[in-house]
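Have a look below at one chain only, the form predicted on its own, in structure tokens format.
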Amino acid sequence: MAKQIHESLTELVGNTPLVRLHGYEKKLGLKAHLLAKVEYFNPIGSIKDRIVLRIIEDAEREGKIKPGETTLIEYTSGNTGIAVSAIGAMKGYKVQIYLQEGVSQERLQVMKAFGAKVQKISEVPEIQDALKATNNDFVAATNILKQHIRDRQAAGESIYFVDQMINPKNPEAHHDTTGVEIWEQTDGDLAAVVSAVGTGGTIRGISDYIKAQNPAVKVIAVQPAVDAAKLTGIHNFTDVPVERVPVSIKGREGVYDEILTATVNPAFEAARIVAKTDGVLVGNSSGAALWGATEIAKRPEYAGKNIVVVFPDTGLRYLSTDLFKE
């Protein structure tokens, strides 16, 4: 029998399962087939493992970073920070995370467990001021953080900003892995893909690949309502100034065919239901995506057809929040 030994958890990133949600379909009386891309099967527990691995390894190949010398920095609502913390630890980098307010306690603790230095943005006055002025806008705060980092670099620090918001490796990673997997796992028998939008990298990368195979496949973007602050990790991009629209989708025609706007209660309820019907425990952005996929699945034209919904992470990172409190 051949040995099956991996040299690092990085070798296990990607190739996550696609699972039909039979129980959820039955409970809601849906005629379409809902297929969940369950990204918590990535080794560090979320879809962000994909982009962080791509960004770090490409930066290494390009000579931009070096283990033992460079400190990796990211501003995040949690999952990207966790992936940077873990992969940075695997590869020998120091990691500093600036953490968005309102994220679950579990995410903070996980990053610290991997050895990262974690600083809440409430502890960085200029970022806090930007958030207050922009209704807690993630993109606006990232722009302020960039200047904060440039100041540190000018002072001689060896630091590298992962910068998932604008790094082109983000959508590239999803084009080359997530999109390919969805197409191959369904053997091209696919009517629609539904994804919540955070940085925009996931939906952009998947859409670019899937639509190149079959332009008829519909790509549905789910955003949170402007006042849905509890839907952390995803970003409203239609009711904000253009400079706050994620770069991955800004001004790009054809990335998505339709936008659905999720509110807190329906998104949370979708996550609660699928946990009980199919044993799939996911976070609030997955709940928002599932709510969106459910709305699409109710339409008569999708009866008997496959709808893929992206589940970015595990619900285990939300147990201290209101997500599963009924």
Ligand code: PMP
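No experiment lies behind these values; they were computed from the predicted model shown. Note that residue numbering begins at 1 and tracks the sequence as displayed.
There is another form of this protein, the form predicted together with the ligand, and it is not shown here; the text below is about that form.
Proximity to the ligand in the model of the complex, taken as a non-hydrogen atom within 4.5 angstroms, holds for one residue of 87, 97, 196, 173, which is 196.
Using a 4.5 angstroms limit between non-hydrogen atoms, residue 37 is distant from the ligand in the model of the complex. Taking the partner from the other structure, the ligand in the model of the complex has a heavy atom within 4.5 Å of a heavy atom of residue 234. With a 4.5 Å cutoff on heavy atoms, residue 202 counts as touching the ligand in the model of the complex. Residues of just one listed stretch (298-306, 311-319, 19-27, 6-14) have heavy atoms within 4.5 Å of the ligand in the model of the complex: 311-319.
The single residue of 48-71 lying near the ligand in the model of the complex is 48, the criterion being any heavy atom within 4.5 Å.
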